[in-house]
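Take a look at this single chain, the form predicted alone, given in structure tokens.
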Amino acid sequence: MTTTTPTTTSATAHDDLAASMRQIVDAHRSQPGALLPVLHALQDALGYLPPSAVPIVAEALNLSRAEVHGVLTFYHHFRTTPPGRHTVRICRAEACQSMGSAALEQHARRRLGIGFHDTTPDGALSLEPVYCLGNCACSPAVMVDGDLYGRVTAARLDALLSAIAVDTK
């Protein structure tokens, strides 16, 4: 009878993740300007870009780790930590700001107890800024798990959060 120790399981999971990342990188590395397509493909597959992705991408694309890290941290779209089970994006573009999105942001931060680019401690929800949802005529706009909502007030945001059963502070 063989026993699997947590270290062995953890090492196996790490090896499996690295192999999956290499496979994704290999599928996109021949594209012109491959770095962004590779990073997007990795995040689409994993939900975020773990730190272990940086050396894999750098080696595959013949870039320095600093170059990969620089691009990864420059773009707000990329996550380096796992996202929550639900994602709320609040538009911060000019049209939404003129219609009250700053107050909506503050309300969301207070209600959830987190800031932008953060996830609630229970892993239920991530709060993200977005710089245009293309719903300017119905500002302020919010996206919850890919569904777009317009003319969102604090009360409507509370209803949206309640609908996805997010435990808040």
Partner chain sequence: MKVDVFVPRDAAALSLGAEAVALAVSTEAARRGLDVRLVRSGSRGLFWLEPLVEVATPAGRIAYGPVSADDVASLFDAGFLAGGGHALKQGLTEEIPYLKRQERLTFARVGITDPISLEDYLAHGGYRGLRNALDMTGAAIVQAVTDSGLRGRGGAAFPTGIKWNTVLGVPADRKYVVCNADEGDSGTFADRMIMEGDPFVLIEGMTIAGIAVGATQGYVYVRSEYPHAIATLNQAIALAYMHGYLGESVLRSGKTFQLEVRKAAGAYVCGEETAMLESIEGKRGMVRFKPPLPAIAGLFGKPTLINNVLSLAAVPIILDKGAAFYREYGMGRSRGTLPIQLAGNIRHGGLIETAFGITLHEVLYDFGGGAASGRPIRAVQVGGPLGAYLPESQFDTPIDYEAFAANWAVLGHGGVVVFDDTVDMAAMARFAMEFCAIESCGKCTPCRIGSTRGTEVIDRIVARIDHGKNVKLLRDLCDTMLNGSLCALGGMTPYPVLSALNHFPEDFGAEGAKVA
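Numbering follows the first chain given and starts at 1. On a predicted model such as this, the values are computed, not experimentally measured, just so you know. In this text, the rigid core denotes the largest set of C-alpha atoms whose superposition between the two forms falls within 1.5 Å.
The same protein has a further form, the form predicted together with the partner chain, not shown here; the description that follows concerns it.
Item to complete: Please check if residue 50 has a heavy atom lying within 4.5 Å of any heavy atom of the partner chain in the predicted bound form.
Response: Answer no; every heavy atom of residue 50 is more than 4.5 Å from the partner chain in the predicted bound form.
Worksheet item: Does residue 87 reach the partner chain in the predicted bound form, with heavy atoms at most 4.5 Å apart?
Response: Judged by the heavy-atom cut-off of 4.5 Å, residue 87 is well away from the partner chain in the predicted bound form.
Item to complete: Check whether residue 26 has any heavy atom within 4.5 Å of a heavy atom of the partner chain in the predicted bound form, and answer yes or no.
Response: Flag for residue 26 set to no.
Item to complete: Mark residue 127 yes when one of its heavy atoms lies within 4.5 Å of a heavy atom of the partner chain in the predicted bound form, and no otherwise.
Response: The answer is no: residue 127 has no heavy atom within 4.5 Å of the partner chain.
Worksheet item: Among 103, 46, 60, 35, which has at least one heavy atom within 4.5 Å of the partner chain in the predicted bound form?
Response: Answer to the contact question: 35.
Worksheet item: Is any part of 144-158 within 4.5 angstroms of the partner chain in the predicted bound form by a non-hydrogen atom, and which residues would that be?
Response: Those in contact are 146, 148, 149, 150, 151, 156.
Worksheet item: residue 88: with the rigid core matched between the shown form and the other one, does its Cα shift 2 Å or more?
Response: After core superposition, the displacement of the residue 88 C-alpha between the shown form and the other one stays below 2 Å, so no.
Worksheet item: Once you line up the core, how about residue 98: does its CA shift reach 2 Å between the shown form and the other one?
Response: Where the cores coincide, residue 98 still shows a C-alpha shift between the shown form and the other one that is 2 Å or more.
Worksheet entry | Cα displacement of residue 22 between the shown form and the other one reaching 2 Å, rigid core superposed | No, the C-alpha position differs by under 2 Å between the shown form and the other one.
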